[in-house]
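Below you'll find only one chain, the form predicted alone, shown as structure tokens.
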């Protein structure tokens, strides 16, 4: 089965207060070393897979550069990364090639490098079309910059564009959220991602909200009930506009679903390169192997025997659990009958019992011999997924 390739680029112009990813503001002197290490990982990917008893198909049909902000790299570095990737893998002519961007980082040279490298999909971290809200969390762009970048992408021939929004940002109101959702629809982009603000100790804003403080505009963060309302408004508005929900946080016009992200949710093989990147590959004599790279820049740039990747062999029982909690993210849900044919009636017995309880509680619903999350189930999806864990 063709592989998906994910490259993490952890560099940002500024660190957003809500961000809980392994990214940040680093000296540009680190950039060249990072590109060099990433290129070496592409070249050594097959050897790495064999070392860990994994199978890696050299055919690639999706590529995703995330982060961080990959477009903080110099144009020549972006071209070099794609050139080395193509030397190491057979990238299909019709492959989906996505790069995450922050509005305002697409100057003419960077845009030309992306086009020359075959990039055909861009994901913009807009988060809000209200300038005050974007600035409050450290975003450096404005609404006008975002709209201008979308126009420039289309003029360059890249029309497969995703826009991210976050529900629950500081200062957000029902009116301002309605404005952002309306702006997204008005752009005519074919894909939209809507996330609810994560309040946890892994981000500066999350820690401040939990502490009841005022830094990072934490005292202006909407409460959970308002954030849920915002999410539900987005679901209604986007679906009505023909941008249909196909996953908890993702919406697309027909044919524009993210092919790369679908690999994660349907347990297709993917290779992760870079800081905090994860791989899921088929295994020799087993179900799968998951490989997690170091989650610090130094750990990736200067690997030592003391900081090896974390390698986890996935058993068949664990694979069945993953099929449930990943597949249920999708609106199409999962087919218990198909899973029973694949894993056996005995293995499916406990899972069918979990399904029955979740249906009775209104968290799952049955349709066309499949099961999927209800609207209520999506709002507490992590609690539902935990029930399927061993």
Partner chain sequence: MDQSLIRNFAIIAHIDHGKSTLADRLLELTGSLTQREMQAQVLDSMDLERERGITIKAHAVRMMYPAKDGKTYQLNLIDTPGHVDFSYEVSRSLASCEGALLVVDASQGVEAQTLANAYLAIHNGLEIVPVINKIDLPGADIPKTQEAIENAVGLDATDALLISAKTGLGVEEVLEAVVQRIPAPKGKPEHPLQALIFDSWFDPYKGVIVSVRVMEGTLRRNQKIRLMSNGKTYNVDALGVSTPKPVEVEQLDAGEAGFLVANIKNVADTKIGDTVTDDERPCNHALPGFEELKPMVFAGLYTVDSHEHTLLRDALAKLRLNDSSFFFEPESSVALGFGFRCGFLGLLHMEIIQERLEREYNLDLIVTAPGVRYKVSKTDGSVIEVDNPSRWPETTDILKVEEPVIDATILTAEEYMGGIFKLLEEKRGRQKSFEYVGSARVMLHYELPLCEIVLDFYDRLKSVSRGYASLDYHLAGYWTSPMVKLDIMVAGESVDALSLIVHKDSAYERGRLLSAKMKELIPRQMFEVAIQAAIGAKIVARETVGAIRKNVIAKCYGGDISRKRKLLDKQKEGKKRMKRIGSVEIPQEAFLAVLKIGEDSNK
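In this text the structure is predicted, and so the values were computed from the model without any measurement. Positions refer to the first chain, counted from 1.
Beyond the structure shown, there is the form predicted in complex with its partner chain, which is absent from this document and is the topic of what follows.
Interface residue remark: residue 371 is not counted as part of the site for its partner chain in the predicted bound form, having no heavy atom within 4.5 Å.
Although the partner is absent here, residue 318 lies within 4.5 Å of its partner chain in the predicted bound form, judged by heavy atoms. Within this chain, residue 228 lines the site of its partner chain in the predicted bound form, having a heavy atom no more than 4.5 Å away. In the predicted bound form, at least one heavy atom of residue 380 sits within 4.5 Å of a heavy atom of its partner chain. Not one of 13, 107 and 129 is positioned with any heavy atom within 4.5 Å of its partner chain in the predicted bound form. Here is the short version: of 251, 270, 124, 177, the single residue with a heavy atom within 4.5 Å of its partner chain in the predicted bound form is 270.
A heavy atom within 4.5 Å of its partner chain in the predicted bound form is found for exactly one of 322, 340, 365, 41: 322.
Heavy atoms within 4.5 Å of its partner chain in the predicted bound form map, among the stretches 192-200, 129-137, 74-82, 210-218, onto 192-200 alone. Within 4.5 angstroms of its partner chain in the predicted bound form, the stretch 11-35 places a non-hydrogen atom from each of 20, 21, taken in sequence order.
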